[in-house]
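Shown below, as structure tokens, is a lone chain in the form predicted on its own; questions about how it binds or moves come after it.
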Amino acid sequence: MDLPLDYDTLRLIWWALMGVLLIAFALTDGFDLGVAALLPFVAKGDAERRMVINSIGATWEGNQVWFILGGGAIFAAWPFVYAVSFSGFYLAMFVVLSALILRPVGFKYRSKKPDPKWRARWDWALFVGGFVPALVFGVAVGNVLAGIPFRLDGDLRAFYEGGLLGLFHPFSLLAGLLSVAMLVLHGAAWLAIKIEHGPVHDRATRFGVLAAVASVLLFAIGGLFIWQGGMGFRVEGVVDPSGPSNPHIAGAAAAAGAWLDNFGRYPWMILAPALGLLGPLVALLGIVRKREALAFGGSSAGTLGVIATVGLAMFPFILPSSIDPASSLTVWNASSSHLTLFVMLLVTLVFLPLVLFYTAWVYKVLFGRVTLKDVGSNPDYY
């Protein structure tokens, strides 16, 4: 059956779509995680904390759908990647999901009792539900850049030879802290837009200043780490972008500094790390000058830049192996079939615009600041 799009073109499209889904998750649910991580620190009394919670209370559940879409897309478009990553990172994923489960429970149960101690415990549960996923997601990205300790045998069975504690090495912790700083900045910028001017707004902007500075420094240090730390992988042998999905067809090898190759080969890619550095600085400028929209735009640009930098630096790798580089999974050797990718693309072209339109409509309807008067007079608020 002849399809209107080549196999290599579809693989590139789905690699780009995976990036879109990850960025959409970071830009939407990212500020939810950041707000939750800030909750115990920017709001002191019950009324203030209810105001912070209600800044994300109406949209957090819809934002989390991008996480589910990303996981589903990996399963359907990159089955080898799904099998290796979700089995290898099983315990880490369990930690993330356990933390994320605290969010709906915290939102629903926090206000069921007026007891201050009861509510304080759920506030800290919401903090865990924001901070832990932000940290572990970053740690996971740091491990992917360093290489995952897995290998494939002759029958393409995956063997993971790492452990949970082994995921937390210096570079992955640096990436985790960058993720936390980036999302805390995004959350602080969101609170600056959604919360009425007052003590909570002022505390949020102060944390935003610290997070912006930390984001720039950690991103720069991470770049130096990759440059000087001998980190990277290169594809070896003849690569057929339209060939069958078999990781054994073309191998790979560890190569010092290889993650910087693409930026020299395609100079336009420098825009991604430039955004990663300039975005937080723009957000900082917006916070200092009390221009909340500029601050949120800057934090969004910075988040986009950091994620795009990782994806562009690694291309065509998706999941490199540190113990057997020849088993590394790439855009060309780990995808689903030609027909599967084409059918999925047709479905995506129909439903993704609907999701984007509905999401934009929801935010338009819910636009406006949350005030202490709102939470004090409306029993339906969290």
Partner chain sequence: MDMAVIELSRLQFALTALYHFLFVPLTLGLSFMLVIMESIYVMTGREIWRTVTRFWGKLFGINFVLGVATGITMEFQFGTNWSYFSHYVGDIFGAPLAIEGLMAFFLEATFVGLMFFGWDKLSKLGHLLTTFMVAIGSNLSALWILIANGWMQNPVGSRFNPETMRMEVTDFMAVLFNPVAQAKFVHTVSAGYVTASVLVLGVSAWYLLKGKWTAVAKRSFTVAAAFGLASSLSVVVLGDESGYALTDNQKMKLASLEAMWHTEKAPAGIALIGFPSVKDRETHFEIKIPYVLGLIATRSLTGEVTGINELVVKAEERIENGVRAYDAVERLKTDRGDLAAREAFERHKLDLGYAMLLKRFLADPRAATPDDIRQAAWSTVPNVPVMFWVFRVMMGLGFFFIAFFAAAFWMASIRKFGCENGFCRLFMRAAVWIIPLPWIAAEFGWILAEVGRQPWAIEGVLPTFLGASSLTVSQLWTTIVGFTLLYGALAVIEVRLMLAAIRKGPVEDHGAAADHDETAGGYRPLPAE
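What you see is a predicted model; the values in this text were computed from it and never measured. Numbering follows the first chain given and starts at 1.
Beyond the structure shown, there is the form predicted in complex with the partner chain, which is absent from this document and is the topic of what follows.
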Worksheet, complete the sentence: Note: exactly one of A158, V213, L304, L277 sits with a heavy atom within 4.5 Å of the partner chain in the predicted complex, namely A158
Worksheet item: Is there a heavy atom of L27 lying 4.5 Å or less from a heavy atom of the partner chain in the predicted complex?
Response: no
Worksheet entry | Contact of I221 with the partner chain in the predicted complex (heavy atom, 4.5 Å) | no
Fill in: the partner chain contact at A16 in the predicted complex, heavy atom, 4.5 Å
no
Item to complete: Tell me, yes or no, whether G154 is in contact with the partner chain in the predicted complex, where a contact means a heavy atom of each within 4.5 Å.
Response: yes
Worksheet item: Exactly one stretch in 288-296, 171-179, 97-105, 184-192 has heavy atoms within 4.5 Å of the partner chain in the predicted complex; which is it?
Response: 97-105
Worksheet, complete the sentence: Within 169-196, the residues having any heavy atom within 4.5 Å of the partner chain in the predicted complex are none
